[in-house]
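Take a look at this single chain, the form predicted alone, given in structure tokens.
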Amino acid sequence: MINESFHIPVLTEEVIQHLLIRRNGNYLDATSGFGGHSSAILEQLVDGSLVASDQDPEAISYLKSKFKSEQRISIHQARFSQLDKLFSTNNYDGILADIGVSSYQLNNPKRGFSFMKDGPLDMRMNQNIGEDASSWLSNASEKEISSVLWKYGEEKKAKRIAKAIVEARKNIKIESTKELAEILLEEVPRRFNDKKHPATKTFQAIRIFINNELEELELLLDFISKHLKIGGRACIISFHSLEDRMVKRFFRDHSRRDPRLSKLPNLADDSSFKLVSKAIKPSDEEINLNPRSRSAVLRVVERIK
């Protein structure tokens, strides 16, 4: 049974403050997960409605149970890449996405997201589709593994780690999180003053690759550009620099004139968004209560035309 306390939603007050500009509006929580932000939105709505979406089947099952008597919400299992097809005729007063991995997913060893507990090396957000991390590591070339670790984890020792993985798999199939973490620790020992475990970036990179997370995020941003109402707002919470850079760049580029045309005289401003605030980060109080919120960044835009 899923314990809701496993996942504490981050920046909830800030999300509600910036997202809910119309209490009778229509909203989309594209990463509803275990319902933290969705619950907060529903508490503030007056005659409004909420679409809750998530790609994780476990989350969908939990949401349906949690909100079984709530008439203002509809629940859908979908990846970002499926939103446009599912909701092609829908437009929203607000769209929210919290694109981090939930505490439940990290704490559940069966999901294989974390090296803190031993479990199958899976890492799929939806375990019913796609190739798991163990299978990919068994078949990928050394060059491909190195490229993934560098591109998605910004791991400086990517080539060295990739070589170690390929050498190790000659003797065993790397099937568990513990096995992969031990290979990494042997190749990149942990120093006494290291704040991060040497496996952190590698696990992050493989997870992002396995789930096509950056490609999915790009499609979410495209969905927002087409389905956010004029006057509506989009709030996106990210947890690492690759995601945040994508969101920041997209919001920036759609909230100003094309820089290539900026020096041309009498050119109308064709920007469709405006930035609502600078990047918003958790307070010290929230970080103390929920240390995993430390790396969260919330960015907000409003559609103006």
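These figures come from a predicted structure and were not determined experimentally. In case it trips you up, residue 1 is the first one in the sequence shown, and so on.
Another form, the form predicted in complex with a small molecule, is not on view; read the next lines as being about it.
Taking the small molecule as it sits in the predicted bound form, is T202 near enough to touch it, meaning that at least one heavy atom pair lies within 4.5 angstroms?
No, T202 stays farther than 4.5 Å from the small molecule in the predicted bound form.
Should V148 be counted as a contact of the small molecule in the predicted bound form, where contact means heavy atoms within 4.5 Å?
The answer is no: V148 has no heavy atom within 4.5 Å of the small molecule.
Would G36 count as a contact of the small molecule in the predicted bound form, using a 4.5 angstroms cut-off between non-hydrogen atoms?
Taking the distances in the predicted bound form, the answer for G36 is yes, it comes within 4.5 Å of the small molecule.
So in the predicted bound form, does T31 come within 4.5 Å of the small molecule, heavy atom to heavy atom?
Yes - in the predicted bound form, heavy atoms of T31 and the small molecule come within 4.5 Å of each other.
Tell me which of 225-233, 102-110, 149-157, 129-137 has residues with heavy atoms within 4.5 angstroms of the small molecule in the predicted bound form?
Answer to the contact question: 102-110.
Checking a candidate spot here: are A78, M125 and R292 all in contact with the small molecule in the predicted bound form (at least one heavy atom each within 4.5 Å)?
Yes: A78, M125 and R292 each sit within 4.5 Å of the small molecule in the predicted bound form.
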